[in-house]
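A lone chain, given as structure tokens: the form predicted on its own.
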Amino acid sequence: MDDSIEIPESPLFMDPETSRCPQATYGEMLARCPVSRMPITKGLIIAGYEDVMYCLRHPEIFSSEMSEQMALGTQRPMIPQQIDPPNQTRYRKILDPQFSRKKMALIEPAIRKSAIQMIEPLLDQGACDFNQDFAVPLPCESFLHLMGLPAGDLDLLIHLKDGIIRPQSRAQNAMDGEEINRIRKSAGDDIYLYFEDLIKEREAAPRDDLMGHLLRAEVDGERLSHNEILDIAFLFILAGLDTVTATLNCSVAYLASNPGQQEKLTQNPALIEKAIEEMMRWETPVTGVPRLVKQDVKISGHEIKAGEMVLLLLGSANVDPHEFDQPELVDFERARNRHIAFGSGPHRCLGSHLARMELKVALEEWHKRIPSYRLANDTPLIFSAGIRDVEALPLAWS
């Protein structure tokens, strides 16, 4: 007898209104349909903390090797994101040491200096677009410093990255899949060409930066191939120029809208690190990660077939009451916070230590100099879906 449960259709959660404040919809999904089916694509959404953790920790069932299903302008899988263990392990051995806490501590003074230099010219203005003036340039400058890329290339790299992550903003018809794929392919081709030129330059004149490390790195006596270096660099462009910016502007949008929480950080800067973890749990800018099911499996009583695409909804998992006490409460002193905003398992975010360092530096230096700020107008903020990012964040202060 088949005791599986019929999979219901998911509530709409990718529209702009829900993206602005998704937690209520997450709560509805957790209560009503922890496994649901997307209305248009018919892919599956897995919402509960325990289920999402299981999927993240079992790549042999829920695979990241899905380059054909994820049309992101790539010619090959991005490394290491779209490679599963055991092959993935080789790449993590090369990359993990470059993003360790120790390495991040070495570059923190330079990032802190940059943050101060960006904030101080704003002080007498009494207002700014937080995105344009701080949330975009600070993480991007950190990424360029780490990779050894020229600062003058930043606008080009952001343009290429947005062509992959947000092609809808350039499309005449945002629902036209063929047009979206053409935009992504064009941006992807340009990313490969950019790094082709950079590799030639570095082979002629080696430097001690992350790109230089990729050209020299060996595991078991074997160096990375030319294409492997390109595929790692492609991923770094997407991750390094987007997710920290999104996390920073979501966090500051929350603080600007909640002056009591803002005051806690101003009065007690020692809370900033725990506040970062709690805002990542609550905001979860990377709302979900896709996986390709490799084996028939049952999740929360629902039969899921091999070959189906699933979205592991990190945002809903991070407000699951089965894991978090009073998840609707944003508590900067939360005693137990095992959020999965950085994922979990073998594909846990490679740059988590970099992100935490950048966020800590940004919020510390901002609140030292601008301890009280607010949204500059009453216009509702617009958040993108997928990777939750505030399109514009106008702030004002006395």
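Computed from a predicted model, the values in this text were never measured in an experiment. So that there is no doubt, residue numbering starts at 1 and follows the sequence shown.
What follows is about the form predicted in complex with protoporphyrin IX containing FE (HEM), which we do not show.
* Does protoporphyrin IX containing FE (HEM) come within 4.5 Å of any heavy atom of Q81 in the predicted complex? -> Heavy-atom contact with protoporphyrin IX containing FE (HEM) at 4.5 Å: present for Q81.
* Asked: Hey, in the predicted complex, does H302 get a heavy atom within 4.5 angstroms of protoporphyrin IX containing FE (HEM)?
  -> No.
* Heavy atom of G27 within 4.5 Å of protoporphyrin IX containing FE (HEM) in the predicted complex -> Contact check for G27: no, nothing within 4.5 Å of protoporphyrin IX containing FE (HEM) in the predicted complex.
* Answer with yes or no whether F99 is in contact with protoporphyrin IX containing FE (HEM) in the predicted complex, where contact means some heavy atom within 4.5 Å. => Looking in the predicted complex, residue contacts with protoporphyrin IX containing FE (HEM) include F99, since a heavy atom lies within 4.5 Å.
* Stretch from 318 to 326, 127 to 135, 149 to 157, 239 to 247 whose residues place a heavy atom within 4.5 Å of protoporphyrin IX containing FE (HEM) in the predicted complex -> Contact criterion met by 239 to 247 only.
* Pick from V289, V293, I119, L72: which residue has any heavy atom within 4.5 angstroms of protoporphyrin IX containing FE (HEM) in the predicted complex? -> Residue within 4.5 Å of the partner: V289.
* Of the residues L44, L354, C55, L363, which one places a heavy atom within 4.5 Å of protoporphyrin IX containing FE (HEM) in the predicted complex? -> Of the listed residues, the single hit is L354.
* Within 82 to 100, which residues come within 4.5 Å of protoporphyrin IX containing FE (HEM) in the predicted complex, counting heavy atoms only? -> Counting only heavy atoms within 4.5 Å of protoporphyrin IX containing FE (HEM) in the predicted complex, the contacting residues of 82 to 100 are Q88, R92, F99.
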